[in-house]
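Laid out below as structure tokens are two forms of one and the same protein chain, each shown alone and named structure 1 and structure 2.
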Structure 1
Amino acid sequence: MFIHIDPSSELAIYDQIVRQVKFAVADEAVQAGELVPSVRELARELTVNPNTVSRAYRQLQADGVLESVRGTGLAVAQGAPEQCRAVRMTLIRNRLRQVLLEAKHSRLNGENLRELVEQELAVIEHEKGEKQA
């Protein structure tokens, strides 16, 4: 499970951890039942205070993504991958809707929007191609 922290991000560190763990779970980079890195280990790896990792893990427990296995560590909860995927999908939907709404307010009509989307899709594909090349 590769987690990268951007200390200059506007997002809190603990939040970056939460999100990236959820992503890893959604992608089944860590599978249900598997143990996540220990608080101290991840803290060392990210050169971050253990309390910060602990807070992220606590949040993930509250969200039902992780489960505590006493004296052993924290494991990915059963059903968490599906749940994370579903949540991610609705998040994407909502953000997309917001952007489109804001574009509408800027007096773009449906056709303009489709064009805009095609342009951005092209940009993404292009970058992808460069990375692969």
Structure 2
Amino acid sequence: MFIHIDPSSELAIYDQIVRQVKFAVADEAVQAGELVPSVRELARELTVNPNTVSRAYRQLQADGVLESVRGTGLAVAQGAPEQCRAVRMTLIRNRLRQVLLEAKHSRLNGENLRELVEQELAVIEHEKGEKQA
């Protein structure tokens, strides 16, 4: 499972882990029933304290994304992909709303915003194409 931690992020490291696991489950990069790395494995991979990973996993269990598999570890719960897709949409919608409010407060009109969004989407698609090549 690929998780990238940004130490300079406003989000706590355990929150970054929680979000990225949810996004991976939403994209079905990690399938329902699939085991996730152990606390120690993921902590070593991310070079973070195992307690941080443990806290993230406890949160993911409380959220119904992961479930304990007796004698084996933690696996993605059935139904988690749909749940995670809904969570992802809510998170992105809230962040987008904040950006749009900031833009409105700075007196950008709707046309300026649409143009800006289209330009940024084009840049992202171009960068994505370069990475795949």
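Start at 1 and count along the sequence of structure 1; that gives the residue numbers used here. Only a predicted model underlies this, so the values are computations on that prediction, with no experimental measurement involved. The term rigid core refers to the maximal set of C-alpha atoms that superpose within 1.5 Å between the two forms.
Comparing the two isolated chains, structure 2 is the one taken from the form predicted on its own; structure 1 is not. Relative to the superposed core, Q20 shifts its CA atom by less than 2 Å between structure 1 and structure 2.
Annotation: Cα of R58 displaced by less than 2 Å between structure 1 and structure 2, core superposition.
The rotation of the smaller rigid part against the larger one between structure 1 and structure 2 comes to 12 degrees. After superposing on the rigid core, the C-alpha of T90 is displaced by 3.4 Å between structure 1 and structure 2.
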